[in-house]
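Listed next as structure tokens is one chain, alone, in the form predicted alone.
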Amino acid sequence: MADVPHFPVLRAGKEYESLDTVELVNHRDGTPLARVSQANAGIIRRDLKKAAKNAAVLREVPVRELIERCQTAARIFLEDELIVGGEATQTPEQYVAALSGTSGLPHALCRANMQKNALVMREMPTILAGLMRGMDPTVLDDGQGEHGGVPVWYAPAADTLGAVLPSNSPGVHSLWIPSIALKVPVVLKPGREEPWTPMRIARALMAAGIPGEAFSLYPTDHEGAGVVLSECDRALLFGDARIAEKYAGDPSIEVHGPGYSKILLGADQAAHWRDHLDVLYDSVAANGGRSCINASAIYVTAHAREIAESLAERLVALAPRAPDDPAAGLAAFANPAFAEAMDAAIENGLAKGGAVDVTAARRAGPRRIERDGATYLAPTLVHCETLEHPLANTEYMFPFASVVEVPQERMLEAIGPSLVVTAITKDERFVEALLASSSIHRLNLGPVPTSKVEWNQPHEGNLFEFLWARRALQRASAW
């Protein structure tokens, strides 16, 4: 393993090599890609005792300088050869190849996610304007500002933002990046197969002049992840429905579970469904279907089977390709057991009756595909007869969605909590009801894919309000 780079722990910007390491390998052929140091829970706990000191270093930098440095880091992240650990470096192309090798994403999707993370750094002024509702960001320098002509005061609610991160898509890192401009250091527990992106982002930001004290990166086990969640003042947690339910009541932890994002085709647009097939396709298939903002259900008032069959015709063209093929849009599963479990769950759901996999008759073989040492799940579109079917509101980590016929008056009560809802309708009364719904986190009105992100709107939660607290201040008139 002499030629395999060492991937260190970052402790407030300083490298640490542990005796306990994990080998990262290419999921296709088992080729070693890195030797990753592991941080135990004790190290993380000790380091977090210095959280206030590290935060003070970051807060000394004026916010406008932090914004400029983030913008500089965007170019560095995309273009420069950056340190991995020790003397080992990584070019952008080497980063893409390594990321693809451990995550299963094809190179084209790795690059698309690279652009997404760079965009967050480059568009930091726009993102802060959205998070802070147009308030001048200099309020972060001294806590005093003005909003709508009214004086306001803010104080930091956290010295650290912890994040327990997944391995499925590097785009999730766009959610913690603004913490740096908000003057709160990050404590990151990367996904086991995806330490590449948080390290590259941290290296780019440090190369642009952000203090190293702002970045701690701890590849660790379940116990270490628990310390990140319990000992950091605020934390982001990414996980499945079980994890989301477990931590849902903790106000210091913002949980990012399944999105259950949906498309609603209103009764007034039912006859025009063919005009919206591009939106349906992009919503289901963008980023290989791996994002929480991909549509997992399509509710229509009529023509459900026709819509499902037409969309299926387009989805089946999304097939496995070589990872470096520029046209590749379907991701492999780095852990084949996940694909096997999902495939079995879908088949079990179909066996209950009342649902049909309309893509099955259109693809050449089974849903689960083995190709060149990798495991894929072919895009799957299921037509469900009723909302009560177990596959009618299910989310999987590949292009999967259900199509269900639902009367418009039942749609809002049926959707349940949904991260993104695209409502294709011009019915004003329906739009008013949608705007008033507490089940919808982000609402797209009109033919906008669920996967489209506007960076002047918070993606999920409001990081500024999570990390900073507004406070009242009264001063004696003569003081």
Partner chain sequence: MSAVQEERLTEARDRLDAHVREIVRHHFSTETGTPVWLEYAASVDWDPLEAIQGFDDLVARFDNFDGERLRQDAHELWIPRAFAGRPFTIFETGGSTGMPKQRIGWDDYKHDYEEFSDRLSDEHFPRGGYWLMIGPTGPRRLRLAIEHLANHRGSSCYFVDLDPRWVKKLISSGQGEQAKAYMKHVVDQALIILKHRKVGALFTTPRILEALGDEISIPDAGIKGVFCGGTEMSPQTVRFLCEEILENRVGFVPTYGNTLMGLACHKPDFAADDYSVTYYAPQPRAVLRVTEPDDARRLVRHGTWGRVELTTLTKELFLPRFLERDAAKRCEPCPEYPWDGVAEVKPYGANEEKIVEGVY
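Residue numbers count along the first chain shown, from 1. Remember, it's a predicted structure, so these values are computed and weren't measured experimentally.
Another form, the form predicted together with the partner chain, is not on view; read the next lines as being about it.
Residue-level contacts in the predicted bound form: of R35, R45, R28, R59, one residue has a heavy atom within 4.5 Å of the partner chain, and it is R45.
Site annotation in the predicted bound form: the residue of D324, E87, E388, E223 reaching within 4.5 Å of the partner chain with a heavy atom is E223. Although the partner is absent here, K49 lies within 4.5 Å of the partner chain in the predicted bound form, judged by heavy atoms. Taking the partner from elsewhere, S18 is found to have a heavy atom lying within 4.5 Å of the partner chain in the predicted bound form. Contact check for N40: a heavy atom falls within 4.5 Å of the partner chain in the predicted bound form.
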